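First, one chain by itself in structure tokens, the form predicted on its own.
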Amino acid sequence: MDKIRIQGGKILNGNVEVSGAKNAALPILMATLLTDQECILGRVPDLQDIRTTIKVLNHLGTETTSDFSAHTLKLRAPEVKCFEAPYDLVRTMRASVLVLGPLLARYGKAKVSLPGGCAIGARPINYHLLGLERLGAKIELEGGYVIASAQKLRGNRVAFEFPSVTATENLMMAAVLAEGETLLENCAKEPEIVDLARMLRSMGAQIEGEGTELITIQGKKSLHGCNYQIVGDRIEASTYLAAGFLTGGNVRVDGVDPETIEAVLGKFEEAGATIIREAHSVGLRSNGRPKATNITTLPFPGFPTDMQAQFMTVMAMAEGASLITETIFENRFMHVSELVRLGADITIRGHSAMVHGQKTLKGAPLMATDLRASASLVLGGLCAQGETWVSRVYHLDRGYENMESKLQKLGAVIERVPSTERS
């Protein structure tokens, strides 16, 4: 397995282009199952989860042509002959449950392996299943699989108990081909939901209200192909801004809408940074050591759970004590023990972590446990004195495209090293 070596203490300055959002791309790729016509997608990030999704779609019968050098993907599903997403393909990627909605809507049947637990906590799919049943699907659980069937989905009112992002996406995709009107209540409001709705509209779907609690969908008999550009990755953008803040630099990220990361930008400002918002870019100028700032993770438009670990690294170098509270996932503090290895002073208290900022951190060998934890450890290595090694960086490759080269462009001394070069 590859490792990342970082020589810390370098001030980061410059511009970096944000890739397409993984969390928007995954449901958008699944949505191409809703038509037999070609869909051309732009700004597709070259990530492991994207490649896994392509394998799942190929298994189902989708024809794909990819050009990751141009971040372009062409997909066409003229006829799906296999309706099963098997465990061996989906075990590494929980978003595979998103094939349920499109397959049920277009073909009336689907079989998908149940997602297991993951490092940051269980993500139950009961909201998906209850919602699909409201649209007329019959759901059975057998041998670790969800087996769903329906002669014809019919529009209905679906009120989510919790504003789940993937459940909202699954029901949106199911409802666009359902008969009649569907009202989705207590929906997730994340920008990725908005991007999926825009893509579905480009295919001919009739959707209103995305980005609010109530989404209204008028079912269509069929959808057509599309040519669509995926939105910029707001979490990647926030991570590079955090890197600039931590190292006392001046960093601008291009290709992101500031409104999608306003909760993060507000906290950076509260911690003492200067933020420059433009139409499709955000700049951050550090004004010295960060100031301690409390955060609580919440569904959008609140502070994103996917930035909790990275913000904790910023607070590990802040002046004063900060309280970080995680309300979305129960096990999302596994990066804490690794940050402590760098010299961070962090104490976990239930669903909160008390962080006493330090003036300096020192490099150490670290091990990533999940996607966002791996990013937080890279950030820690960037600001620590001396050398830091981060192992298990396959987690990082699930959500960050060419992170090392982008950080190098900003002035970081960082490289990917095959594990055989170091015992």
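Only a predicted model underlies this, so the values are computations on that prediction, with no experimental measurement involved. Position 1 is the first residue in the sequence shown; the rest follow in order.
This protein has a second form, the form predicted in complex with a small molecule, left out of what is shown; the following refers to that one.
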Taking the partner as it appears in the predicted bound form, which of 217-225, 243-251, 127-135, 199-207 has residues with heavy atoms within 4.5 Å of the small molecule?
127-135
For Phe162, is any heavy atom within 4.5 Å of the small molecule in the predicted bound form, or not?
yes
Just checking whether Asp195 would be counted as a contact of the small molecule in the predicted bound form - the rule being heavy atoms within 4.5 angstroms.
no
Given that the small molecule is not shown alongside this chain, does Ile328 nevertheless sit within 4.5 Å of it in the predicted bound form, heavy atom to heavy atom?
yes
4.5 Å heavy atom contact, Glu236 and the small molecule in the predicted bound form
no
Proximity to the small molecule in the predicted bound form, single hit among Gln229, Ser281, Thr305, Asn156 (heavy atom within 4.5 Å)
Thr305
Which one of Leu26, Leu34, Leu361, Leu366 is close to the small molecule in the predicted bound form, taking close to mean a heavy atom within 4.5 Å?
Leu26
